[in-house]
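Here we start with a single chain on its own, the form predicted on its own, put down as structure tokens.
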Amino acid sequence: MEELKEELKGKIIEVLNLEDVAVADIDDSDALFGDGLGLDSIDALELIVLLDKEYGIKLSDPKQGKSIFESVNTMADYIAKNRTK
């Protein structure tokens, strides 16, 4: 699971072009939106594409994203349970 979290942080930084952020800067339990990493709704769409492309996970209900994208921990947990790639 730790390996997945580190991989996920790297992919988030790469996909969202977070040039001033390093993997070590993102804590597993930090909020990805709002006060944490400060992501916005466009970033959420990018994360949905990331889940599909990298892990074969399609979100049928975009509202699911709110709970899935809460933190790296919640994303990694969801990916571990639902990935097809």
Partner chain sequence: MDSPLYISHYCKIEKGLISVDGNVVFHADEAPFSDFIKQAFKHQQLDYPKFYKMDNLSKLAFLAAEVLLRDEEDKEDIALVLVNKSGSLDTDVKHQESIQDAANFYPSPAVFVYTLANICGGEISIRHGMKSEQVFFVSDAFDATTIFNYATYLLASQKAKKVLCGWVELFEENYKAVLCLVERAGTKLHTINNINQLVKN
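Numbering follows the first chain given and starts at 1. None of these values were measured; they are calculated from a predicted model.
Just so it is clear, the following notes concern the form predicted together with its partner chain, a form of the same protein that is not shown.
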Would Lys85 show up as a contact with its partner chain in the predicted complex if we use heavy atoms at 4.5 Å?
-> yes
Would Ala31 sit within 4.5 Å of its partner chain in the predicted complex, counting heavy atoms only?
-> no
Does at least one non-hydrogen atom of Val49 fall within 4.5 angstroms of its partner chain in the predicted complex?
-> yes
Is Leu59 close to its partner chain in the predicted complex, meaning a heavy atom pair under 4.5 Å apart or at it?
-> no
Looking in the predicted complex, is its partner chain within 4.5 angstroms of a heavy atom from every one of Glu3, Glu7 and Ile26?
-> no
Judged by heavy atom distances of 4.5 Å or less, which residues of 22-55 approach its partner chain in the predicted complex?
-> Ile42, Asp43, Leu45, Glu46, Val49, Asp52, Lys53
